[in-house]
Structures are given as structure tokens and as C-alpha cells.
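We begin with a single chain expressed as C-alpha cells, specifically the form predicted on its own.
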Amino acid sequence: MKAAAVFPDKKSLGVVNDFPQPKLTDAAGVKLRILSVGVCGTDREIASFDYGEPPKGFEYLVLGHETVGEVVEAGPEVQNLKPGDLAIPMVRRPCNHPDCVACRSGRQDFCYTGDYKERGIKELHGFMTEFIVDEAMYMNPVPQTIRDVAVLVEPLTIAEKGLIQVREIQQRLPWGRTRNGVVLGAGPVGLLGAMAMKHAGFDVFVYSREPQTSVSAQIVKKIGATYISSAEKSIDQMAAQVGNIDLVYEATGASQLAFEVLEALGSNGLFVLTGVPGRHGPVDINTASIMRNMVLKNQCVLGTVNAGKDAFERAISDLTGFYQKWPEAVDALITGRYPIDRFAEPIENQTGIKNIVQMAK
């Protein structure tokens, strides 16, 4: 069968035409026919050979960690999935260290050792192929109503995990006030984060460099949020428009911008970092102002990566809700669909918002 892969030693991308089709041998396993696979910044970084590690014994790594598939076979011990059902597999697999309490608790997204494995990223082949087999414990059932957009679940889990932690941290405020939310960036992770925050009851403001006429800005407006272009308003002007900024959800990976906006965070505010900056030189930030604000305004900054079962379940539930409330906005997030033989195009030439590789209908 076909698989889309990166060859790190050769520094090339290519379709593997004879990738072995997996067989279901585990009683608790599930075989999926892959329907679609999302392309994201991580795939582009792997394809630029910044990182990405093939499984042992392979010269290539099959790409793809954002996916949805249809169950074609399920082991006899699988209770929640049957042939014909849709499912989304999780990305990260636990490390083998017996003293890693996170991985031993099924929360490998908080792994202490860094020796976890990730599908399509680190030591495990990804989902950009025709069929995969995995354990049912890593599979998440998906309603048929979101079949065409379910590939958005994995990037949405980034926001869902962040919001889970926000809710837990903000229990420190007995009055529960977390109202104004600012999203940095209007890419797929930012727009999905804006939807999640709006769905959760925030007054949402998206701050990004695209003009007001852009597709991203129109999506923001369709969900009832406010779009502010950084080309038109400075950070101070944005903050004045928002008022007390209770939450910032960063989805750009731009460290200079993130720390400049951190200076505008309001009293008792939370700042969630999700982006990973590239290897650039040092940036200028006002450390004294940031530290002063964090202490005197009871602020909190947290970083979040990957996601656990709870975030996947919330993402599936919320995406279903988004699709009922804002079907046009959700559909507009997917701007390109490519066959596997052209998988390199959306990786090498980023256009639109979210591009996917369509493996099957």
C-alpha cells in the first residue's frame, strides 16, 4: 500500500508504494482505513529535517499525526468500536520507564523522561497511509455527523488541553471570573482555539497580522468573535479595546510577539503558550515589567503540548457543537484537499488555512 514519507538521510520526501499493510493480531486492537490526514507546521519542520525520527530499522518516517479513519476490523476485546465506525487515534505513546508516573498513569502528554514515542513524529510511523493498526485504548470514537471535518480534532485538542488547565488554575478565583480571551494567530490552531473559547463562553478577540478582508478574519466574525489586525492596531491599542485580558491563547510560535503581549495581560490573567519558536537569535523583552506584572497582578503562564484522552473527548464533543452552530466557518478552515501522490505540495508550499491529504472518502 502507499504511504507518504520523509527520508532524513536523503533529505527528501517521497511516496512509498510498497509500505506493508498492517494485520490485526491483538485482541484489543483496531484496524482503520485512513480517510484524511491534516498537514501542519510540525510536518513542515520534519520535512525541513529539523527533527523527526524514523522507527528502528527504517530509513524513512511515514508522516501524519492529525487524522480520522473508518474501522474495518476490531479485536474481540474491543467494546466501543465496530466496523463502519469512525475513530481518531491519539498521537503519543508512553515511555517505558517504570518511575515515570505520568506515563504509568496514562498521561504520556505529561511525560517526565522525554522518551515517549509519537506517531508520525518520533520513532513511530504516522497516519499518512491507507491502513493503520493500533490499540483500542488510543482510539476515540467520532460521530458520523462530523466525518468531513473530523481531521480537525487533533489540532483542536491543543486548545482543549489548555482550557482544561485554565479551568483548574482559575479555581483559585472563588468568583470564577475569566471573561475576555485573546487569541494570538489566525492559523488553524488559533481559529480552533477561538472557537473553543467562544463555545466556552469567553468574549473572544483574535489578534493577527492578516487584514480584515482575509478569510481568517471572516471566520472569526462568523463565530461572533472580534478580529483585530496587528497591521492596524498596536498591542497597546488592542489591549485598550479588549479591557482586562483574562486569558491569552498563543498560537503563533512567535516569541517576540508573545512576550510583548504578555506585558498587556490583565489582573489575575493566564497566558497559555502552545507555539514552539524556530531557532532564531535572542529577542528583546522587558523582563522587569513582565516579572513585576506577574507578581503584582497574580498572573500565571503555562506551556502545553500534546493531549490526553480527556482533551480528545472534549475536542470531539466541541467540534460536533461547532459544526452545528457554525457549519460554514468550520468548513472554511479546510482550504485544500490533496491526493497522496501530491502530499508534498501542501508541505512545501503553505497556502490557505488547513490543507489535508485525502486518503479515502
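Note that this is a predicted model, so its numbers are computed, not measured. The first residue of the sequence shown is number 1, and the count goes up from there.
Not pictured, yet referred to below: the form predicted in complex with beta-D-glucopyranose.
- When contacts are defined as a non-hydrogen atom within 4.5 Å, none of Leu173, Asn268 and Lys297 contacts beta-D-glucopyranose in the predicted complex.
- Checking Glu210, Asp246, Glu118, Glu260 against beta-D-glucopyranose in the predicted complex, a heavy atom within 4.5 Å turns up for just one residue: Glu118.
- For the options Ala47, Ala329, Cys40, Val62, the one in contact with beta-D-glucopyranose in the predicted complex, meaning a heavy atom within 4.5 Å, is Cys40.
- Partner contacts here mean any heavy atom within 4.5 Å of beta-D-glucopyranose in the predicted complex, and among 202-210, 251-259, 287-295, 84-92 they occur only in 84-92.
- Ile158 belongs to the set of residues with a heavy atom inside 4.5 Å of beta-D-glucopyranose in the predicted complex.
- Interface membership of Leu302, defined by any non-hydrogen atom within 4.5 Å of beta-D-glucopyranose in the predicted complex, is ruled out.
- For the stretch 181-209, the set of residues having any non-hydrogen atom within 4.5 angstroms of beta-D-glucopyranose in the predicted complex is empty.
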